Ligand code: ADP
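Presented below, as structure tokens, is a lone chain in the form predicted alone.
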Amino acid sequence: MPEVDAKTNTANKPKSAPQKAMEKLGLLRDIDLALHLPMRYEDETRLTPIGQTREGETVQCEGEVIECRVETRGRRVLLVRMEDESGDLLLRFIHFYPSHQKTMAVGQRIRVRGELRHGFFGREMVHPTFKAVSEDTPLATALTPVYPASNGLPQTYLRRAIASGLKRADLGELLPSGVVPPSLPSLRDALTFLHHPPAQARLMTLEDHSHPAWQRLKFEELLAQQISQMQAQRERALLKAPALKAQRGGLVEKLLGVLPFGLTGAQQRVSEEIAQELALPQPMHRLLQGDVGSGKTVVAALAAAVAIDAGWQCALMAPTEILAEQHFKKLIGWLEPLGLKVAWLTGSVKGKARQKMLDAAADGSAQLVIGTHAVIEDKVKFAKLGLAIIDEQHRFGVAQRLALRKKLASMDLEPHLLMMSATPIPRTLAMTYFADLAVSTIDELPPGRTPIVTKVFADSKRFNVIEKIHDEVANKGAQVYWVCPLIEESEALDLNNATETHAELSAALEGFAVGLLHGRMAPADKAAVMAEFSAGRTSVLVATTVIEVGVDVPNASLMVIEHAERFGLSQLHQLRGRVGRGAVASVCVLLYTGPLSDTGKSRLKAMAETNDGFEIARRDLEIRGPGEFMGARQSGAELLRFADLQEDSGLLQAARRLAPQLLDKYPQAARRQVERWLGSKAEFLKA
């Protein structure tokens, strides 16, 4: 009989459910297991006599089973009664197996842990953890870790795997001596402590992550992240890009001459910053941020004019067709009179019209191509793409941004990249996730913008709000947005949908046109509805969040956001920015359905208190953490698992100071640090 290779045989075995679950959690390497830290701990180091237990406490008790039976009133329930010298305790199991009855047979000694409550039959626990023991079975000597898990992955299996991975993982010190603050333990000691804290460890310092062991992990993680960012920045500096310089008396000056308004000081400043960087032969990687309505589009137009003036093409990509169309209309109005050809490319452009646009991009006759993600499809070729502009950059994935940058690969050049965001980024977030980006900020609104008054009402005031709308429309000729979160009824979320609200408002506002706009409408229908509203022929527009960005109707002075508690703070601020774009005083009404969560209260309070996008962004970061700001840059995986941007700013500053020193003096250690902590995720920081 031929000899069987044990490795081959193991590799061909089907994976168990726990193995598959661990792969889904990304627990593939020993270091992954070592860094999979407990979300909480259970104290199994002490026993509480049954008679001394108090309601609501989670305790561990030990005793002898005196009764074990199955009740079948309505549904099968396993009832087990145990006792010790101080009292007795009923255990109730609604879901159970025959093995449960065997383990907890009458006369068996068991140890149970769970939350105590007082039921009809005295003290009881529902679904406690349990195990058979003898009188000399020792108690645990360390707190028991409870790990983040998923279906099909029992804690016992995960604990064994992590304990084994922790022993095997290479946790040797990578950093030179003197780099780590002396008050912090070694990495191995920190991880061993966090996985198996001794019984006397202070739970509070473990749970709030203030313990020195946690501080060591946060410092290491932030350092790896900063090294990765600076590495990406240095690598990009080695790449080549076309040097784009505006011509004296050329397109930029002509564009400034035809604009129906003057630039604000902030617009002028950031336009000059961008023009200076476009003139360099290295690819620009810049984020243009500014509050809602601060005039980012005109800055983008001036950047495009620089590129086109230098003989190169520009592509502008927006996340939605409505936003792309808003840009198209504005830019075509500014640039076509100057003799430029602007192409329009979205998923709805089909057949001959699409081919005509593709040909214009490929032969260079279209100097500016505007569209949605259709712009980055493989079929779209550019003759000479010099500048790529991405609006609402957080709405695009890493792969999409990289695809746009590769449109010049055949020339061994990278296009310059300008990303725009109306969600201002708090300083701590910019220092962390966008450390490799140059950031230009428009911190001034154009003159003539009226402040928006924000009012918060419970849904019980809905009728009063509709009466107010009738008054505004009938007596003042105002136009109104009414925003709904869903289109169709959902069993999971009891929300009014846009269609129902449209019918309700149409009946309440008889004689006035009420439009309906949602994401499932055909592009031509959307365009027609928006055209009617923009022209003033529709008084009220009931819409989903497709109007979140880009829509510009100066006469619209009232916005109602229904179920405002369901929206994120950044999204509420974006929606509110659709009004207040003209000279008329504007109001935003937030209708909510109670009871409100603490997060919901915080969001609505922030909206009522400030119109400042930078303050909104700061509060949003406090409420939700950095995930939303990162958007698809995370690609589904958090880049910071342990560090907290608000709490750990001191560690972040130390990591920022240390990262360039390590890259310069200890490049090998710097590379291994990134590999250990980020693995393949380091690539996402480069996009």
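Heads up: residue numbers just count along the shown sequence, starting at 1. Predicted, not measured: the structure shown is a model, and the values here were computed from it.
The discussion below concerns the form predicted in complex with the ligand, not included here.
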Using 4.5 Å between non-hydrogen atoms, is Gly295 touching the ligand in the predicted complex? yes
Residue-level question: is Gly262 within 4.5 Å of the ligand in the predicted complex, judged on heavy atoms? yes
Just checking whether Asp552 would be counted as a contact of the ligand in the predicted complex - the rule being heavy atoms within 4.5 angstroms. yes
So, in the predicted complex, is Arg581 in contact with the ligand at a 4.5 angstroms heavy atom limit? yes
Heavy atom contact within 4.5 Å of the ligand in the predicted complex, the stretch among 142-150, 564-572, 287-295, 381-389: 287-295
Partner-contacting position among Gly249, Gly107, Pro182, Pro447 - heavy atom within 4.5 Å of the ligand in the predicted complex: Pro447
Between Ser534, Thr346, Ser506, Gln267, only one gets a heavy atom within 4.5 angstroms of the ligand in the predicted complex; which residue is that? Gln267
Contacts from 154-176 to the ligand in the predicted complex (any heavy atom within 4.5 Å), listed N to C, are none
